[in-house]
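Shown below, as structure tokens, is a lone chain in the form predicted alone; questions about how it binds or moves come after it.
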Amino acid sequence: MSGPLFPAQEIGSLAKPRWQLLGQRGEVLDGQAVEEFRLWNERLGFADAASPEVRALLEGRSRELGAGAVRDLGALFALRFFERAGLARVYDGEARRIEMYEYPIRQMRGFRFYGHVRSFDNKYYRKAACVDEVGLEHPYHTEEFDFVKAHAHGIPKLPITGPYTLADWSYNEHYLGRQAGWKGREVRRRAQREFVVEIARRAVRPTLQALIERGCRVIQVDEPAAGTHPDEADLVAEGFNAATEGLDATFSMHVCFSEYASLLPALLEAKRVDQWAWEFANRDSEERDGYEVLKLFREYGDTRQVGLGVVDVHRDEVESSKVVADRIRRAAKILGDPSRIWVNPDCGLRTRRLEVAWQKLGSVVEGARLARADFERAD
């Protein structure tokens, strides 16, 4: 890694501001939304307050403006939010996205949506079944990246849902149906392997290729389903390899809220991963060192970069920069090479209010500065 130690990044989505949610639905902005827009625009300067687009939005003519233009403003807001916070790699906070499963699946062939299923708590998503050979209608997220690339001041990146998660969150009717005989555990595993690899080769890989051709050089592959089936960590790695082999980009793999020890060493077979973007702060306390799991990288001889989670995204309490710096120092000592560390929240900050997210990112950046100063003095 070249440049200063401990560069900062975000590895998930950002909460959409109230003015964006109301505006893209064509609703009139209420006083709270107008004040929110003005407050953040004063802080970030993401929009020209005198432009016809902004005037239409603030004057209650968002329907006239159109949902696409409002989403553009939302993407600019998130870009400037991350840049002003001091992040080295930036994107639009997934301002155009609602979820991470249905949209990519709808860009593919071979799937049929059956309806809503419960994922956790009171959260539901539309689940599809693979009923035929997987194919791709057209590469996706390309227009999203074009906008980010055109407007970013920092290094643009793009997150994309990984092939294992897309397969795991779907019903596997087609590839399982092709297996002869009793559909026991081993047969189901073979069918799932084929399903994961086919999504990777036929849909995710051509999408990645299209993004790279447009200039995308930093791509984050999200595999939140990996931790739910640790015995299939080898399938996660195989799907990643099938999607990325031979492609010219920097790839990270984000796996959130997992017992990472149960995924290793199988997950380490994902050859094109340049960085493991994981959560640690969530499990760090006075009773438990949340960074001890990093010792496994040394045990298995893995020397790749680590996207180090240093603030918890599940609570509003803002960690001090000193706490963040301490976490970075501990991680660097365990890894033995501070240059391998990028710093980030554990996951996306979308569940936190924007002000809390801003303060947490501030702690990430300032904590990195404090830790960096310590290492520079030591040199």
Partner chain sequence: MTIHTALTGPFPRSEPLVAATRDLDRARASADAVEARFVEAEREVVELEQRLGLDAVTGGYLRWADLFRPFAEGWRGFTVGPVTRWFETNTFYRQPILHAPPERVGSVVRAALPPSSVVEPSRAKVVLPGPFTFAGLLDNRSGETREALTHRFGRLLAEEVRDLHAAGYATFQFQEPLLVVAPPKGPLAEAAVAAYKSIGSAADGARTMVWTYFGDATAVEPLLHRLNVGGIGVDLAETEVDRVRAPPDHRALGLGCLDPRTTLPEDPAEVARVVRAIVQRVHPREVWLGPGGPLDLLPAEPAARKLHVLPAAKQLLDGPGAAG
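What you are looking at is a predicted structure, and each value in this text was computed from that prediction instead of being measured. Residue numbers count along the first chain shown, from 1.
FYI, the form predicted together with its partner chain isn't displayed, but the following is about it.
Thinking of 14, 72 and 139 as one candidate spot, does its partner chain come within 4.5 Å of a heavy atom in every one of them in the model of the complex? No.
Within 4.5 Å of its partner chain in the model of the complex, counting heavy atoms only, one of 207-215, 261-269, 177-185, 193-201 shows up; tell me which. Selected stretch: 177-185.
Between 304, 118, 298, 109, only one gets a heavy atom within 4.5 angstroms of its partner chain in the model of the complex; which residue is that? Only one option qualifies, and that one is 118.
Just to confirm, with a 4.5 Å cut-off on non-hydrogen atoms, which of 241, 282, 172, 250 contacts its partner chain in the model of the complex? It is 172 that has a heavy atom within 4.5 Å of the partner.
Within a 4.5 Å heavy atom cut-off, is residue 129 in contact with its partner chain in the model of the complex? Residue 129 belongs to the contact set for its partner chain.
Its partner chain contact at residue 86 in the model of the complex, heavy atom, 4.5 Å: No - in the model of the complex, heavy atoms of residue 86 and its partner chain never come within 4.5 Å of each other.
Distance check, residue 149 to its partner chain in the model of the complex, heavy atom within 4.5 Å: Residue 149 lies outside the contact set for its partner chain.
Check whether residue 229 has any heavy atom within 4.5 Å of a heavy atom of its partner chain in the model of the complex, and answer yes or no. Within the cut-off, so yes.
If you apply a 4.5 angstroms heavy atom cut-off, which residues in 345-362 are near its partner chain in the model of the complex? Stretch hits: zero.
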